[in-house]
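In the form predicted on its own, a lone chain appears below as structure tokens.
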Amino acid sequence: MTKMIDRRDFLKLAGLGGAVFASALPGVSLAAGQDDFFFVQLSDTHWGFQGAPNPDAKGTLKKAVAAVNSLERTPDFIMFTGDLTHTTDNPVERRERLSQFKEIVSELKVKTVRFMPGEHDASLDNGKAFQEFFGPTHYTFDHKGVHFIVLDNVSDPRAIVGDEQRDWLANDLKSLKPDAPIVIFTHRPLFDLYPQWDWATRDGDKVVELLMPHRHVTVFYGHIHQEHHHMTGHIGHHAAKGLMFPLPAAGTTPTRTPIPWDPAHPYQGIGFRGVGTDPKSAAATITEYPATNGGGA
């Protein structure tokens, strides 16, 4: 018998290494006796970015890799949710940045590391360079009873998933039971968080419509460079902090200008997260870690 998590139990707690959320992740329900697992989400590393507001632009990614490697519990896998590199019009420089990024993250002490593009990686060439280094921009995989779906809403410069990929998603979902646990990874939010700042997917409502018949779906995304939680019906959407610079909350400033570096609190607003599950209580936790201190898992 599968025990489900009540979304009303979404509580913010204090924890070692960062904020800990005891979360009602509807996409991570576990059957009794099923193995627990733990994965890490990193996002928006923007390798190649230089200047304000991060004076340590060339060191932050390496520090984040060291922080992940210092976690007390080794993740089952790591997922980078886009904007691996900072945008450039030069296709040679784009590939150089992707190559450098790949070399740096090869130091991660985890067997499985997965990647998806952000618009900085893929929108200028429809994901061609990204695919040369990391393979498909959308795909699925399964891990310990959970079905993971990686969606590409960045390679098309119109900020859409597109008819072809939505058809692919619909066919994949047909093979799953209505109560199957599903986790979606995407770069942009699938809902209209703040379209004025490109914080939306133009056909995201059609994607969510495909997901709605499935009772246990969770979405993890990046792009907005801050932690954010949102519900569309029973589907939870959780944004991760970035690893180069934080951005202001939607609509709180006239423009989407990065938050200035604070020398008194270096790396403030920059970090990554771990997601863990407990088969005994069917609980799931999101743990927010700072970029330069792995803490405990």
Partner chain sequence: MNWTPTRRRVATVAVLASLTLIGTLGVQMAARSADTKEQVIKVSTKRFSYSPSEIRLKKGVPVVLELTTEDIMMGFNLPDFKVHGDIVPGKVTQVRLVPDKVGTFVFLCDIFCGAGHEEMSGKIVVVD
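Numbering follows the first chain given and starts at 1. Owing to the predicted nature of the structure, the values given are computational and were not obtained by experimental measurement.
Quick note: we don't show the form predicted together with the partner chain, though the next part is all about it.
Three-residue candidate spot Leu124, Arg158 and Trp197; every residue lies within 4.5 angstroms of the partner chain in the predicted bound form by at least one non-hydrogen atom. Across the options 177-185, 86-94, 204-212, 142-150, residues that bring heavy atoms within 4.5 Å of the partner chain in the predicted bound form belong to 86-94. Of the residues given (His229, His234, Arg256, Lys58), Arg256 alone sits with a heavy atom within 4.5 Å of the partner chain in the predicted bound form.
At a distance threshold of 4.5 angstroms between non-hydrogen atoms, His120 is in contact with the partner chain in the predicted bound form.
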